[in-house]
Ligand SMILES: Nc1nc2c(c(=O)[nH]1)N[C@H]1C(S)=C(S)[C@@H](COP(=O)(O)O)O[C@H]1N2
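What follows is a single chain, given as structure tokens, in the form predicted alone.
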């Protein structure tokens, strides 16, 4: 690893009047969120699913590909795609959300990929479970972490690195964790991690390592950049912070009516209409959704559809509303079975992570 700059420096915070920079716009052009009208789909089409690429999309030849599994194991393994496909095959429907979703709404603004609320998607991932493979390889009794290395390579905060994340052994052995080679019934697309990626249901997107090439079991906690420096909830630069892990509860409104081109303000005809959207949490199942039409002054319960696709997928919610002429601010907030609820006022952190502030959708209902 080549250190070019101060490896311990956390992300920067914008000045009071600092506009979004050309560098942030460059990131926003490479990465994209889900168009909110696509919340109508139970399963997000691959091209509409949110996308974050830390460095470059690596050039990986599937014919020459092999996954290395090594470290504190009795029987290290090396498996090509055919061997992985010969293993037990399962499909999970999983909601993925970027840990930085909502970052650009915080004040002061953490400088990074400028997400609003669209960094999410709900796809069907097919592959083979990780846990049986680790057990077959013979986990050492003193194993602590399982480190996942992607083929993407770059520099972040001055540190040259492969993208690497680790899971504690107990989390890596969860039966739902997948080595995935298909998305929505088709081979993975290059931008979504082809030919193999990790899927960790319930965790933010940084844990779902793409272009996976190495799995290494360690007997010491992993202290690589993406675990020890990035993806931590910090109040200030000197705060060691706590790691970002599971997805906080969130509900999004599928914007009704039709939009103004620049502002995205919605125009809605007067009369009865159905407001709907999606809700999810990585901690526990969503148990209720409340909806506001006045920016959070009052809340009304929504109806949750029955779960479709398993415990790791989002749920549709809906409520009937009679729109009368005027201006409105719509929003929705989810509560999960652990008691977590979305905040109306968001606690700030330096990296802009795990921001599940209630969404605001501005609506104009014109007089007829």
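Fair warning: this is a prediction, and the values are worked out from it, not measured in the lab. Numbering follows the first chain given and starts at 1.
The same protein also has a form predicted together with the named molecule, omitted here; what follows describes it.
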* Asked: Of the residues 53, 43, 67, 329, which one places a heavy atom within 4.5 Å of the named molecule in the predicted complex?
  -> 53
* Interface residue in the predicted complex among 282, 205, 256, 127, criterion: non-hydrogen atom within 4.5 angstroms of the named molecule -> 205
* Contact at 92, 252 and 312 by the named molecule in the predicted complex, all three, heavy atom at most 4.5 Å -> no
* **residue 163, heavy atom within 4.5 angstroms of the named molecule in the predicted complex** => yes
* State yes or no: in the predicted complex, is some non-hydrogen atom of residue 98 no more than 4.5 angstroms from a non-hydrogen atom of the named molecule? => yes
* To do: Please run the contact check for residue 118 against the named molecule in the predicted complex: heavy atoms, 4.5 angstroms, yes or no?
  => no
* Does any heavy atom of residue 201 come within 4.5 Å of a heavy atom of the named molecule in the predicted complex? -> no
* Asked: Only one of 210 to 218, 293 to 301, 257 to 265, 240 to 248 gets a heavy atom within 4.5 Å of the named molecule in the predicted complex; which is it?
  -> 210 to 218
* **Any residue of 146 to 163 that, in the predicted complex, places a heavy atom within 4.5 Å of the named molecule** => 150, 152, 163
